[in-house]
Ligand code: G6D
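Single chain ahead, by itself, as structure tokens, in the form predicted alone.
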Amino acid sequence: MKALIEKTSSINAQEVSIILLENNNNISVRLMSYGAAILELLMPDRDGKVENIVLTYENIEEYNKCSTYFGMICGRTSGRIGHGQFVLDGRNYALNKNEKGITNLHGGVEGFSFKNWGFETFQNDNEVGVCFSTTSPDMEEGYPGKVQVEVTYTLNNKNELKLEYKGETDKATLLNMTNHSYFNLSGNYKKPITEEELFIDGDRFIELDEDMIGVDVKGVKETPMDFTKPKLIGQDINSSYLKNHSANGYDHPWILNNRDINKPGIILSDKNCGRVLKVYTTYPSVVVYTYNYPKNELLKGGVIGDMHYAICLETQYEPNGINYPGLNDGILKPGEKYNEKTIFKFCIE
């Protein structure tokens, strides 16, 4: 096992570091200090062929303010805040509306994704990892409070990549972090994500309006949103139901049935190559996004990104929960500790 700083590079005139984590089973992950991002994730298939299973830009400079958020940590809040505003402790807060001038998306223009995080690596006999840290000043992007956060990636020989999110604030604020990796288990993007199977242990999803803001909680039964039994992602992805719900594919939150770090809430599998990704989390929901709006991104290997090439499994509090009664509001108060975990477990079947 090893954890090492592989090299430094430059993004927008900032020196960024690339860190390699590697276990004893041919699984490795490359991380970057800019955005505390997953750059590459390599794992073998059932024949032992090691390939990349996340979307990666060909040129590192493309990560500068990238609108796709490839592999990046999103915050202060993941997803969209409706109309870019919320009320907290009787005060109205107006956020930067960085998406179409309508919503605050993934924390805004200067969100966590576009910070160059500090970091420390660690290594022992059983695991290797890196702890990233950064600070968001009071009223950055319109959010109250000075917030200090850490995101720790840990890789072990059980083929688990653990993500632990921590945060503290000096004023009541919102905090809702996630990782925005785009998975494709076929390896090196050989096939679209529509040919992979998905399971979600969630009986409810959040219906969206024309601005992609949640408006209602509905059951998945007898809808294309039902993944309570594994099914091909492409089975219903072009249904009129989805097109009538403001999406060119899946881009919706599911409310998980359990917040159990010991039980997989999401399973992605590729029957052709044998790769399986099991996701365990303490978060209450997952936003599933099927790369519906590619922008001709040049991916590693010279491939041009295409619609439905990959899938994001963004474990988090329900987006816009602060504005919807009954959902997790994502409020963090002084003296409280933000601490959530997600585990990506890699298997071969």
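In this text, residue numbers run from 1 along the sequence as written. Computed from a predicted model, the values in this text were never measured in an experiment.
The same protein also has a form predicted together with the ligand, omitted here; what follows describes it.
Between the ligand and the residues 278, 166, 115, 180, the one pair within 4.5 Å by heavy atoms in the model of the complex involves 180. With the partner removed from view, the residue among 197, 251, 127, 140 that has a non-hydrogen atom within 4.5 Å of the ligand in the model of the complex turns out to be 251.
Contact annotation: residue 289 falls within 4.5 Å of the ligand in the model of the complex, judged by heavy atom distances. A residue is said to contact a partner when one of its heavy atoms sits within 4.5 Å of a partner heavy atom; residue 52 fails this definition for the ligand in the model of the complex, lying far away. In the model of the complex, at least one heavy atom of residue 105 sits within 4.5 Å of the ligand. Put simply, residue 314 is close to the ligand in the model of the complex: some heavy atom of it is within 4.5 Å. Stretch 65-73 is the contacting one of 65-73, 298-306, 26-34, 42-50, since its residues have non-hydrogen atoms within 4.5 Å of the ligand in the model of the complex. Highlighted residues 147, 170 and 333: none comes within 4.5 Å of the ligand in the model of the complex, counting any heavy atom. Although the ligand is not shown here, in the model of the complex the stretch 201-221 places heavy atoms of just one residue, 212, within 4.5 Å of it.
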